[in-house]
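Presented below, as structure tokens, is a lone chain in the form predicted on its own.
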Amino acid sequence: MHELSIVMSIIDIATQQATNANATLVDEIELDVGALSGIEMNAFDFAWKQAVEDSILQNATLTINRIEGKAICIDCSASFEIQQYFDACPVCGEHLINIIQGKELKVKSLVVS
């Protein structure tokens, strides 16, 4: 379950940023998680609940922005939404695409006190 290691990394980032701001608590955390990031959200939620206990994020409000996958076809330049890496272009049917959105996995913002 790689979601636990991801949550642990988020806790490390939040702890470091709170320390840099001379804060002791994180009140809110906002994450961007792309649909193509490989994160299984049920596993992430379970890992989050377990990992944040007794951490700086224990009482933080968690907001997750799900970023939909988008791509541009290399052959015909069509822009379209994708659900999986191997989706074909809906215009020309080719699989040579450039993914422009949906792989995100980042801490977007923190509110500390």
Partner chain sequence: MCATCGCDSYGGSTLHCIGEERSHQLKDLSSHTHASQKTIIDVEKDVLYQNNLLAERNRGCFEAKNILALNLVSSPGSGKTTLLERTLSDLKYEIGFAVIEGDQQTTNDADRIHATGTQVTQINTGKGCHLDAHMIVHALQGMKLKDNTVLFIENVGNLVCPAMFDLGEKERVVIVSVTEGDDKPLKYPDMFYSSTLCIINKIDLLPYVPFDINKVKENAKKVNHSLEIIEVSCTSGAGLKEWYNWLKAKFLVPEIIA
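Since this is a predicted model, take the numbers as computed values, not measurements. Residue numbers count along the first chain shown, from 1.
Although not depicted, the form predicted together with the partner chain is the subject of the following passage.
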Exercise. Can you check whether residue 91 is within 4.5 Å of the partner chain in the model of the complex, heavy atom basis?
Worked result: no
For this session: Look up in the model of the complex whether residue 37 has a non-hydrogen atom within 4.5 angstroms of the partner chain, and give yes or no.
Result: yes
For this session: Although the partner chain is absent from this view, report whether residue 85 comes within 4.5 Å of it in the model of the complex, heavy atoms only.
Result: yes
Exercise. Is residue 81 one of the residues lying within 4.5 Å of the partner chain in the model of the complex, judged by heavy atom distances?
Worked result: no
Problem set entry | Within 4.5 Å of the partner chain in the model of the complex: residues from 80 to 99 (heavy atom criterion) | 85, 86, 95, 96, 97, 98, 99
